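Shown next as structure tokens: one chain only, the form predicted alone.
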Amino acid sequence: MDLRPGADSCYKCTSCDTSCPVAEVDDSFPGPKFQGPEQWRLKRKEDTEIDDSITGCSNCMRCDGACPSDVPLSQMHNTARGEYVENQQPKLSREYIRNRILANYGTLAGLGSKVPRLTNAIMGNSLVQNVNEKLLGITAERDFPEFADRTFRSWWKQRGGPMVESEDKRIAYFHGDYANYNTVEVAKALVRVYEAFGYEILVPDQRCSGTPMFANGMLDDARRSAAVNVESLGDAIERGYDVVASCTSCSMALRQEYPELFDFEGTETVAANTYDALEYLLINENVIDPLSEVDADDHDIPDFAYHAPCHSRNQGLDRQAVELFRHLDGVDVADVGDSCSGISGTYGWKEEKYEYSMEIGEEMFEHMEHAEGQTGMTECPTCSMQMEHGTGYEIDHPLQVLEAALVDTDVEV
């Protein structure tokens, strides 16, 4: 893929560099302008290799939103990272093996979730965590996310599938790996909220969205997952379903990264028919009126410190949760600012990046601690990990708050 025309659109204003959270804390990282336009200009010389600093990019994609010239920065970074990993990174190196494991979390999660209590006990053991750090470079500072007793897909199957049938209101739910194996309550909340609004829900076959694979340069793995997802979701769209994701990184991958990196038939159709879960409800339903009838104090709904994930900002969705829950009486939802949480998926799980990750997240932690609420809220599962890790707060997804307000209280929607 030749992205040099995009590189020529860059006029070196450095807006991308000043927006980069990694460049702010890591003096060895040259920033998005070098990783993007300058690398592609250098590639005019056929013997120029990709600079290994490309692996320092966390793929937060904030540079995309900062560029006034619409230079395809994250597309350049993903492509360059893929070329570096494919052609230059030793396949027996600890970094490659560690990154391949982190990028393919869903594969290991599928095995671990078969015996969740045993896996949780093993992965939660400090000795195992220290061994992981020594052997693989996965930080021992973080607690491994626990697997749910039952996966979402298992719950969905035992439930008997959808409880609502509709010819007009249909969604295909892209739950991703994390809501399937770990935060199953988020996936259940989506089902209950959407069914309360009269939607028929399809849970199609799916693989990881590819977000952790893009971030680690594993483009062959990402391509295999994307091929399955595009075929499955494309089939659902043909049958009248719109695609809805509860994770903003998943919706970002389907909407932006797939069309930028892959040319499967149907990729553009899937991108054009994919939505964030809260975004889709706000577009198609009157959520505000029933929410305004609820008094949060009567239902133990707490005040919240809300963080908008970087991938939510890139989709223009960073204010939707704060503005919606203003209509929920008795709840204070404080936006804790526009800083990156710092974890950026797998970035903050790497031993050599952990301290940078926490330094990036410091501004968010401080704002959370000054907010009225002592419960966090965000749409991204790894931002949720970082918020909990940095403050000790419990973290909810906006769908769980909607479930508590509209489903558990039997308000007519």
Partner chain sequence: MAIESDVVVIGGGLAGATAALSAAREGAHVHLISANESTLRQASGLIDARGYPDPDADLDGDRRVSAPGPLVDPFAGIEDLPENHPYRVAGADALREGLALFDDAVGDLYRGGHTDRNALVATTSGRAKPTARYPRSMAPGVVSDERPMLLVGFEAATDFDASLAAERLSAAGVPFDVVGTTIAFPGEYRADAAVTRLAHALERDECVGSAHGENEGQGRTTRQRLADRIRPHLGDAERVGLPAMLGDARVEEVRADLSERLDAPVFEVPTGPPSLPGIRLADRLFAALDEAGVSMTTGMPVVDFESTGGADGDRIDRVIIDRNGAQIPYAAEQFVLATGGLVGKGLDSDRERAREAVFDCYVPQPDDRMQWSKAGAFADHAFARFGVEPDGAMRPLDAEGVPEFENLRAAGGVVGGADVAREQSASGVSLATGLVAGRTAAEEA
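Positions refer to the first chain, counted from 1. Small disclaimer: the values here were computed from a predicted structure and weren't measured.
Keep in mind that the form predicted together with its partner chain is missing from the display, and what follows is about it.
Indicate whether the candidate residues Val25, Leu317 and Arg326 are all in contact with its partner chain in the predicted complex, with contact defined as any heavy atom within 4.5 Å. Every residue of the spot touches its partner chain in the predicted complex.
Touches its partner chain in the predicted complex: Glu352 (any heavy atom, 4.5 Å): Contact with its partner chain, no.
Would Asp52 count as touching its partner chain in the predicted complex under a 4.5 Å heavy atom rule? No, Asp52 sits far enough from its partner chain in the predicted complex that none of its heavy atoms falls within 4.5 Å.
Can Tyr181 be called a contact residue for its partner chain in the predicted complex at 4.5 Å between heavy atoms? Looking in the predicted complex, residue contacts with its partner chain do not include Tyr181, since no heavy atom lies within 4.5 Å.
Residue-level question: is Gly56 within 4.5 Å of its partner chain in the predicted complex, judged on heavy atoms? Flag for Gly56 set to no.
Going by heavy atoms within 4.5 Å, which of 124 to 132, 298 to 306, 162 to 170, 285 to 293 lines up against its partner chain in the predicted complex? Comparing against its partner chain in the predicted complex, the contact stretch is 285 to 293.
Ok, Gln256, Asn78, Ser225, Thr151: which has a heavy atom sitting within 4.5 Å of its partner chain in the predicted complex? Exactly one residue meets the criterion: Gln256.
If you check Glu86, Glu279, Glu185, Glu195 against its partner chain in the predicted complex, which one has a heavy atom within 4.5 Å? When its partner chain is considered in the predicted complex, the option within 4.5 Å is Glu279.
Which residues from 64 to 99 come close to its partner chain in the predicted complex, meaning a heavy atom within 4.5 Å? The stretch 64 to 99, when checked against its partner chain in the predicted complex, contributes Gly65, Ala66, Cys67, Pro68, Ser69, Asp70 at the 4.5 Å heavy-atom cut-off.
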